[in-house]
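Starting off, we have a lone chain in the form predicted on its own, written out as structure tokens.
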């Protein structure tokens, strides 16, 4: 059961960051491993108590977005962001007016939706075990039509300044991981936009469910066991998930050894697997990853997030990010802190 922080408070402001996933995509919903980092960019939500009604107001691209709904009113025709706020508010029995600001790009694969959901949940007073909060946020996104895993919410909740976070979705553990000394993270936005709700993301989840009915949990499966699958498509899907968990372990071990070459190799192999075995990359992401890998001082590059568009992340020598000019938005990233309450009244 979720705890509530200061249930008698009438106003609360919360900041929740987006994330970039360094390695371990499409592994969370099968209980595997992932290595994300919280971003310095975030969504900020201010909640003010309002009995029996939920109102969400934000300004995006200079346009004011505002919608309101009764706490227990049917939300079948409401926008997804209002459905999420209503779902979370219902759990507290109290409505509210939510004012939302964000410097996270929408649809870029940097988890703007999870940052919003986490910020709303914490603004409503959720506190305690981050895994429980993440699951509650997952339920809210599912109510709005996105069948997401737990990676994005956990990255937003548990991020640590300057570090990545190793997530184990079976054991429900997390621990910080220092990146190799003398390296930096660089994100390049392909500008190819994506949407989990309208993409083939749900199809990949269904593939994994079918595989697990035959093989058992993919998080504990071996590559030899994967070869027993008769369907070649499902075999490729399973091969990605099982090998991706191995790559996460390899990347973490490389980080702990201070070995950026080994870390980058795991990233490169991950992109190939996502593109060829899991079929969630695009020609744009493939070309962009290859272009980054060809540059001096780049150890590895891969698509990040659920796929079908968004960004590519690279591990480079310190200072290289400022020299990259591919004609696309490019950001040098220092991992940021996780979600936090900024102000209460």
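Positions refer to the first chain, counted from 1. Computed from a predicted structure; not experimentally measured.
The same protein has a further form, the form predicted in complex with ligand GLA, not shown here; the description that follows concerns it.
J.: Only one of 36, 305, 300, 32 has a non-hydrogen atom within 4.5 angstroms of ligand GLA in the predicted complex; which is it?
T.: By the 4.5 Å criterion, the partner-contacting residue is 305.
J.: Go through 130, 125, 149, 264 and name the one with a heavy atom inside 4.5 Å of ligand GLA in the predicted complex.
T.: It is 149 that has a heavy atom within 4.5 Å of the partner.
J.: Which of these stretches, 141-149, 85-93, 214-222, 177-185, has heavy atoms within 4.5 Å of ligand GLA in the predicted complex?
T.: Selected range: 141-149.
J.: Does any heavy atom of residue 335 come within 4.5 Å of a heavy atom of ligand GLA in the predicted complex?
T.: No.
J.: Counting only non-hydrogen atoms and a 4.5 angstroms cut-off, does residue 24 reach ligand GLA in the predicted complex?
T.: Answer yes; at least one heavy atom of residue 24 falls within 4.5 Å of ligand GLA in the predicted complex.
J.: Contact with ligand GLA in the predicted complex for residue 201, defined as at least one heavy atom pair within 4.5 Å: yes or no?
T.: Close contact exists here: in the predicted complex, residue 201 approaches ligand GLA to within 4.5 Å, heavy atoms only.
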